[in-house]
Ligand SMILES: C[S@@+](CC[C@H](N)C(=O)[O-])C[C@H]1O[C@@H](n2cnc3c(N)ncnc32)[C@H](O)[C@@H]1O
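This document starts with one chain, in the form predicted on its own, laid out as structure tokens.
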Amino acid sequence: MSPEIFDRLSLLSEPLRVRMLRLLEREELGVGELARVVQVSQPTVSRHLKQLHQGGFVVRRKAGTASLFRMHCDGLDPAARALWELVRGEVEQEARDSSSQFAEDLRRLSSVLAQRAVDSGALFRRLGSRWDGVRRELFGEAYVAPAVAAMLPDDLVIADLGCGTGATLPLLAPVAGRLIGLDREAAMLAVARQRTSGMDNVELIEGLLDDLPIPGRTVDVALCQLVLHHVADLPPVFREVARVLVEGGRFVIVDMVEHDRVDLQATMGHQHPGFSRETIAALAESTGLSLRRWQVLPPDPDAQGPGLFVAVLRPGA
């Protein structure tokens, strides 16, 4: 007989641990919640949870600074599962008596779960600035861009100039009337074509930024993301964008702020060490555009390059 069976028998020989497992099979709970249900101290609950976790019966999930526990239902091996089902069956028989401790546990569990809704406001106040991390852990950040894009009118003609492999195109396609992806590299466009397969409103064009193969006054929004620092001669690009924009259209630029990272010019082929607000404003004014918005973006803690800005230019003064 495997020694593991004795360890499991020892774990499930303690009534309090069995009560906790029965609750965690039903709900994911924190230490404080479990303590309120089983009516013992939090250190006692933590000690038993540690033993159950080491024995493979429960799993732990971090939620900000808190830890939540649940029974490892899908991860139990057949022997452990069979032993638990045997113990649980005996417990459920006893729980039919409404005066038993096991029946009382379920009543207290219902009360604790109801209290969660009441405590939601207090939860947000308690988490404060940590809430962003909790939400990011639960949901990630991929929903942000589609949510922002959904605020755009759905009949816009958008041109992603220097679209590269088309990473942004799938985000914009659902909210654009017509979406143009332009790049000078056929290899880049081949990847973009795979990414946008089945998106009927996307048109991919091979072309140059200073000689756009796009009719004049047909584009509502021209987007240029992390492209302009690769272009040596910028005024022709700005003039071409001004030509294709409709009246009231927007030229949106995302690029690097001015920096002193000379290594990027040597290793990455950058033609410009970022841009200042004054440089973008001067380029706009000299080509029939005007700078309407300039914002330095919050730095990404995982990014290794210079900081970024977003600028919005419009035709006219």
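Fair warning: this is a prediction, and the values are worked out from it, not measured in the lab. Position 1 is the first residue in the sequence shown; the rest follow in order.
The protein also exists as the form predicted together with the ligand; that form is not presented, and the subsequent description refers to it.
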With the distance limit set at 4.5 angstroms and only heavy atoms considered, check whether Cys163, Gly207 and Leu226 all reach the ligand in the predicted bound form. yes
4.5 Å heavy atom contact, Arg184 and the ligand in the predicted bound form: yes
Against the ligand in the predicted bound form, would Met188 count as a contact residue? Criterion: heavy atoms within 4.5 Å. yes
Is there a heavy atom of His230 no more than 4.5 Å from a heavy atom of the ligand in the predicted bound form? yes
Contact stretch among 163-171, 101-109, 84-92, 68-76 - heavy atom within 4.5 Å of the ligand in the predicted bound form: 163-171
Residues from 88-106 in contact with the ligand (non-hydrogen atom within 4.5 Å) in the predicted bound form: none
